[in-house]
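Quick heads-up: the structure tokens below are two forms of one chain, split into structure 1 and structure 2.
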Structure 1
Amino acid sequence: MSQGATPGDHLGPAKIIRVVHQALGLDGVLVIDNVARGPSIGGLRVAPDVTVEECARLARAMTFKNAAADLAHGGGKSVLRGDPRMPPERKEALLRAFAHALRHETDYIFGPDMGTDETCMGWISDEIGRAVALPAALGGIPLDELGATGFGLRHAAEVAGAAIGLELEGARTVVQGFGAVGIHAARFLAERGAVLVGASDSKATLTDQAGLDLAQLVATKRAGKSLADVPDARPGPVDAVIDVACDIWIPAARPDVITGDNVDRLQTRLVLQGANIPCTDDAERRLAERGVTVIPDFIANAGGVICAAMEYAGATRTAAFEAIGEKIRGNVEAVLARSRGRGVLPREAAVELAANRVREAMRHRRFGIF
């Protein structure tokens, strides 16, 4: 796994652990960024090209996400190099081995991410007893099944839309990364009258300014197929999703999909970051210059970790979803007000809000980040 340039500052990382087992073909990394507010919660990502640097950036995003949501948890992230569509028995063996190797790292609580789901969390819980978003059969609140992150994105859209004069009824929406997060974001926004005019996955982009058949897209994906397999569809290239004119553009896949090289192709009024770190800093600055409002990842997509933290604390499903709406609406309002009042980017306002909470917690810790 490529090491890359691992970012670091006074907030963290507190710990970086690499796990390698040649015989099993296991290559993984855990980054515990900051646990001043409590044990870290962060997803386990499985992908063929993950790096230590990406893991560290995602761990920092979780530190800010948990702090911004005012959760009693710090930030961490784990990544495992491999094909997320590997046979289930192979994935189970790797995840159990990875979790077992990290069984004593009690400052980290596993959660689902790209390439992992509630079933995977069940394996890890069985192995070490430390995971969230468990299957309902194990007493968990299956956040991907219920769409906790997508539910939060809908609340972010409502608040941000009101702030910029954008009605959700009839709003044209594009989802880049039509998977666990993107599907539910599209579904919850459709309930408010938004129209899905573009969607992409790892194989294709589908567009229709009159509105795509959301039910058909969802059925195709849940059958284990690609958007390229949607009946009577005319699939375009994957990156064509950037060019679809819309009111709301939701990146819900990998990091850095919008960069300085392609940001000017984006034609939208509002970007809701459903994925973690989907836009580079220079891209966000360019969007702001063009008058596009961007709600940062750790503000907009915190529904999943809020749900996970509530599950960890023993809350009910109803209480978890009420907390998602309350916390995300409050944070979006606070970030946009601070952004306007100080003349800074929404991300700068969000980082300031979250970092202040982390630093305040660090004042009460003997060793700061620990």
Structure 2
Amino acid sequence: MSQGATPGDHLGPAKIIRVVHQALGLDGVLVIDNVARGPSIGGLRVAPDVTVEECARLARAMTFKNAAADLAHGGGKSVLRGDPRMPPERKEALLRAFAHALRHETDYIFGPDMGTDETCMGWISDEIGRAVALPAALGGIPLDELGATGFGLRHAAEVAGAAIGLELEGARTVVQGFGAVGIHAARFLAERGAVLVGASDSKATLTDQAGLDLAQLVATKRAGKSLADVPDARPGPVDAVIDVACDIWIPAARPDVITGDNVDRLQTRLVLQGANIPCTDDAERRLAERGVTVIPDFIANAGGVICAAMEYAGATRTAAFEAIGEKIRGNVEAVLARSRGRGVLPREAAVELAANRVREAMRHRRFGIF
């Protein structure tokens, strides 16, 4: 696996472990970035082109994400070189061997990422007893089925809405990417009176300023179809979702969907980032200049990781959802207050908040980062 330039600073990484087993064809890396706040949680990514450098960057992102979510967990990440669509029996053998080799690294708790899912976490849990987002049969909380991240987005909307004088009752909402995150965000916001006026998936955009039929859209997606198949719909192009006038715009699909080239088309007051890095830095800055409030990804979409940490702590679903609401509300408030107080972008405020929490925890540790 290529080494690249591994980033390092006063926050980490604390450990980089390479695991190689030639006979098995196993080549993996674990990066534990910083565990001042507690054992790290971070996903295991399976991809053909992963590098140590990528793993280290992702581990740092988890340090900030977990600290921003105010979890008693540090950041780590692991990567395994291979085709994510390899036969399940081969994947199971590789994952079990990788986990076994790391069985004593108690500062790292495995989670799912690209190329791994709850079944994979079940194998790892069986092997070493240290994984989150497990199958329900093993005590896992099915976070995508219950909508942990969408639930957190609703709380972010309530707090951010109050800060900018936006009532959720009647607020026009648009969701880009009507999947696990997007559907539940729309559903939880509708419970607060918001009206879904636009939704898209990888095939089509549907829009209706009088309000789309949410139940019909959800039923179509749950039947494994696309929004283009909604009966009597007049589907528009995928990209048209950016032009739908609304109060709350929720990206919940892919990275970098809003850039300097299309940001001026957005007509909204609040952007709640359900997806990871959906806007480029340039686009976020231009939105701020236009007075649009942006709640950055690792603050707004932390519902999933909070749910996973609560599962690991043995909490019930009810307690996990209470924690999501409480933490996300507190964090959105803190980020907006810091952003206003210091005249910085919400993302800059969020990074400062997270880094300060990590440094504060490091003061209580003899060796700081671990």
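We call the rigid core whatever largest set of C-alpha positions still superposes within 1.5 Å between the two forms. Fair warning: this is a prediction, and the values are worked out from it, not measured in the lab. Residue 1 is the first residue of structure 1, and the numbers go on in sequence order from there.
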Exercise. Between 1 and 2, where do we have the form predicted in complex with nicotinamide-adenine-dinucleotide (NAD)?
Worked result: 2
Exercise. Once the two forms are fit on the core, has T259 moved its CA by at least 2 Å between the two structures?
Worked result: no
Exercise. Is E54 one of the residues whose C-alpha moves 2 Å or more between the two structures after the core fit?
Worked result: yes
Exercise. In whole degrees, what is the angle of rotation of the smaller rigid part relative to the larger one between the two structures?
Worked result: 23
For this session: Superpose on the rigid core and then read off how far the CA of A14 has moved between the two structures, in Å.
Result: 7.0
Seminar exercise, completed: Core-superposed C-alpha displacement of D83 between the two structures, in angstrom, equals 11.0
